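Taking the form predicted on its own, here's one chain by itself in structure tokens.
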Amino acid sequence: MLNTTGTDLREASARVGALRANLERVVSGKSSVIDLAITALLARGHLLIEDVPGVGKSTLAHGLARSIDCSFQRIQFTSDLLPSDIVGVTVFNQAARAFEFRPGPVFANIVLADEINRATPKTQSALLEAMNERQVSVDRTTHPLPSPFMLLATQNPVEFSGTFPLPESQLDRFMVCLRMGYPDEEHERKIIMSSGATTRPAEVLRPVLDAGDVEALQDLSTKVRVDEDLVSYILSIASATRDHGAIRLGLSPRASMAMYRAAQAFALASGRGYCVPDDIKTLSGPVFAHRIIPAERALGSSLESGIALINEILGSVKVPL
């Protein structure tokens, strides 16, 4: 059984280091973004990447998928996509004279939902059960999803043409929401110079982990120590969002649980068997900001407003010593 001391912790650090190095080959100059993606994976969470087109959202998702020797499916979300195109459909088999279920692309270890907010809310809702219970129900039959299971979703900002805002219930199921940001000049130059290659950057990657390695790391992350005062720190932040005059919808208990698990995974990815207050402060924006709804929400600025409000709350909540 894995534990958070000695050989197992060193082995976990080596595995995470190999995964991080693999991703840095295709996503240059974005170490903090890579660490957050790894955190979501180790915490059994889902990742939402929101940013303008062309900054490497899909490259990060493909790189993570190709770094793990497991099944991968990409779903291109469009306005005419149907729920059955995602979860699958029951059809009648003439030869067997019986109905049989044909699984959709969601039945994979890592699923990329590309431009998720270009599908209608009805189609988006097809992922709710998969994200929360890791199963789908079709025609009164429940089908479990493979383990590990992670949804990587990309979306353009909501002010872009042809997009639908994600419902609050779905946003709350994403453990981490991040933005790639534009690369600096040095790394953009590197990207330009490599643009003539005949293969996409992620296609050159080889797996450094398999599904069993990922599950072992996920199990190990649950054993990372979180002291009681850090749990109180998480609860104080959550409570402050519910009482804040500028916030219409504060953090749910699911958000507090997500922070607890993310902090454990982040500590493990940092080579520690215990959490510190800085883990929670670092993760508060990516884990909390997309879940709160400001009282006055301007179009396209909800994430920025959420980050600003979370930062304000962090400045007012006492940090445990």
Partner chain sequence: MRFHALAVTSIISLLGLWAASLVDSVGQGFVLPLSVLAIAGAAYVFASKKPALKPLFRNAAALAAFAFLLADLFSLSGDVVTSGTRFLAIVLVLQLLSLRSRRDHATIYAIAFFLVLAAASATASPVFLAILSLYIVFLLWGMVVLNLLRDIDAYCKGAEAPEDPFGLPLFLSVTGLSAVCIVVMLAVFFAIPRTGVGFLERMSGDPLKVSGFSERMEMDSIAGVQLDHAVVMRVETAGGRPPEPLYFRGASLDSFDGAGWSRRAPVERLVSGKGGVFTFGGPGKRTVEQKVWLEPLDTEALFAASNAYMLEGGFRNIWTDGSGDIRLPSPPFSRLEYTAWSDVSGARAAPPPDALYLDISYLESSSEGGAVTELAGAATEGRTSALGKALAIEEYLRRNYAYTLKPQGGGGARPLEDFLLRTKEGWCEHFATAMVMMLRSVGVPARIATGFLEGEWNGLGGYFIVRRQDAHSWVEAFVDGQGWKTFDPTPLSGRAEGRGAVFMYLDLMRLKWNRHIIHFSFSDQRAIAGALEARASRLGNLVAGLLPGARPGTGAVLAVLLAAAAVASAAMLAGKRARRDRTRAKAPPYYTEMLKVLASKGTPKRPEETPTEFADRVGGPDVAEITGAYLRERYGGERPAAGETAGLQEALTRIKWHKPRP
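Numbering follows the first chain given and starts at 1. Source: prediction; values computed, not measured.
One more form of this protein exists, namely the form predicted in complex with its partner chain; it is left out here, but the text below deals with it.
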{"item": "Contact of residue 187 with its partner chain in the predicted complex (heavy atom, 4.5 Å)", "value": "no"}
{"item": "Contact of residue 242 with its partner chain in the predicted complex (heavy atom, 4.5 Å)", "value": "no"}
{"item": "Any non-hydrogen atom of residue 294 within 4.5 angstroms of its partner chain in the predicted complex", "value": "no"}
{"item": "4.5 Å heavy atom contact, residue 277 to its partner chain in the predicted complex", "value": "yes"}
{"item": "Candidate from 229, 133, 168, 215 lying within 4.5 Å of its partner chain in the predicted complex - any heavy atom", "value": "229"}
{"item": "Segment that reaches its partner chain in the predicted complex - one of 171-179, 221-229, 92-100, 136-144, heavy atoms within 4.5 Å", "value": "221-229"}
{"item": "Partner contacts for 304-321, taking its partner chain in the predicted complex and a 4.5 Å heavy atom cut-off", "value": "314, 315, 316, 317, 318, 319, 320, 321"}
